Structures are given as structure tokens and as C-alpha cells.
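Let's start with one chain on its own, the form predicted on its own, as C-alpha cells.
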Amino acid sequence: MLRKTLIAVAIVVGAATPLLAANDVNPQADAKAFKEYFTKRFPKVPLKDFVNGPYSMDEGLRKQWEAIDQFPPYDFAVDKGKQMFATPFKNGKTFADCFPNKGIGIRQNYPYFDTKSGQVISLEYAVNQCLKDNGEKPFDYTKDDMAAVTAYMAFTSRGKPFDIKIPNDPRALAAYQRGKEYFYTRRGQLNFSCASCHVQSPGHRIRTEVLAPAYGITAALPIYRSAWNGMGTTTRRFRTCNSQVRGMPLPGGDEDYRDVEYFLSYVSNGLPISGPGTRP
């Protein structure tokens, strides 16, 4: 157990990810190490505030954010998503027919591992599966309609803590491990991993942008970004990161993106959903 915990801590602070056998994968140890690393590094940040990303660690940005949030720029997306959620498909069904609790207050349970299909189901993937199952055209994974529907679903779950499960299934552990390896693997011409910015350098600036901590980073998605002048989804955030390190973005719904979201959301268990969010 000590060896596994030490491996987990080493991974959190940026060491290369070892290739582990299924019985060596320890999500609980990873989550504990993740939480300890960030809370020790940023002892003045209240635990639940990590979901606010750069606003939790930069006083100037926080004041700007609080001023902006009096008239949230994502309100239009929430309103649009609510309307879309209630609008019947051609067959008379709605999004509510595809989700537990009619899709209200469930964001904190996504992504989840589906034992029937043997894959991770992100909220975006579930939305598009719902459309396909009802004879509708799937949404673009990056913005617009997808951002609106998921913004509304996130809004109905605000304050609810992440509750991501990893079932006792070797396929689930493998998916979690793939997501973890993707997060720590360097890529692109700049040879950066996700962890290079969001584990090693949160709170620091890259040009005008303050880097967010990885702990709780998925809780605020989808987000309105000033740089985008609009809403973007989890997929758009991942694709943007790939592009910024001059790597190759993956297609929407790609298994790697779903697996890395599974990893990041699991190690953030207990933190509250704060999406839709705003970022510079």
C-alpha cells in the first residue's frame, strides 16, 4: 500500500506515468494524493473554491470575475439549453426521456463507466447518443447547441459534489488508467502534458492567462471564455489545450477525451459542480 501511495504522489507532482497492471491501479490513492498535493500547495484556497480555477488564486482576477458574474455571460446558453431540453424531437420524446431524473441535477454523476458497452460515457457523449437514439442529428461536440444543453444540465446540478464511480470491472480500471496516462503524457511540438500546466504550474501566467489547477477543473465546464467570445464544452477545452501545445486535437467523442475526463472528475470527487463557468 505504501508503494502504491508513493507512486501516486510521484505521478501527481509530474513524474512519468508508469505502466501498471490492473491490480496495481489504485484510483483511491490517486485521489487522496491529488487532494493532498493541491491543498498543501495552496493552503489558503478553501477546498470547495478549487472549482473556480484561476479565480481561486488570483485576487485581481477574482474581483473581475465577481463583477462579471453579476450579469453572467453564460445565461443565454442556460436559457437556450432549457428551451432545447423541453422541445420535443420529431418522435415526440425529449432529452428528459434519455436521462435519470429527467436529466435534472445529475451532472455530478458524469462521466460514468457503462458496463454494457464497456466504455466511459461523458455527458456530451450521452447527449449525442440520445439524439441518435431518437433519430436526430448529433450536435457538434465543441460549442453552440452542445454547450447550451450541457450548460443547462450543469446549472441544475450546481453545488452537488462530484460522485464518480469506478465499478469493480477491469475494463473500468483500464479506462481510468488510460485517462491518467493521457493526462501525464507529453505531446505536441512544445512537448507539454496536461499536467505540465495544470499540476506543475497552476497560478502562474502563460501570456495573459492564469493557469487553473487540475483539481476540480472539470467541475466548471462548460464555460464561457472571453478568448472564445462564447461558450465552449469540455471537448473544446481539451482540443484547445492540444492545439496550444501544437499537438493534434482529437475528434469529438473520442475515447481518449472521455477517459481523461473520467480520471480528472474521479480525482475531484467531493468538489461541487460550479458550471457553467466563466474564464478569461
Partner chain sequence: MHTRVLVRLAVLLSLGGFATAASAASADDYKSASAKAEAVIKQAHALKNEWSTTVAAMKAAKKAADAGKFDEAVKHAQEAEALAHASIAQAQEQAKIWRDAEVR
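Positions refer to the first chain, counted from 1. These figures come from a predicted structure and were not determined experimentally.
As for the form predicted together with its partner chain, it is not shown, yet the points below apply to it.
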property: 83, 201, 115, 185 - the one with a heavy atom within 4.5 Å of its partner chain in the predicted complex; result: 185
property: Candidate stretches 176-184, 96-104, 135-143, 119-127, one within 4.5 Å of its partner chain in the predicted complex by heavy atom; result: 176-184
property: 4.5 Å heavy atom contact, residue 34 and its partner chain in the predicted complex; result: yes
property: Residue 58, heavy atom within 4.5 angstroms of its partner chain in the predicted complex; result: no
property: 4.5 angstroms heavy atom contact with its partner chain in the predicted complex for residue 246; result: yes
property: Proximity of residue 189 to its partner chain in the predicted complex, heavy atoms at 4.5 Å; result: yes
property: Contacts with its partner chain in the predicted complex - residues in 253-269 whose heavy atoms fall within 4.5 Å; result: 254, 256
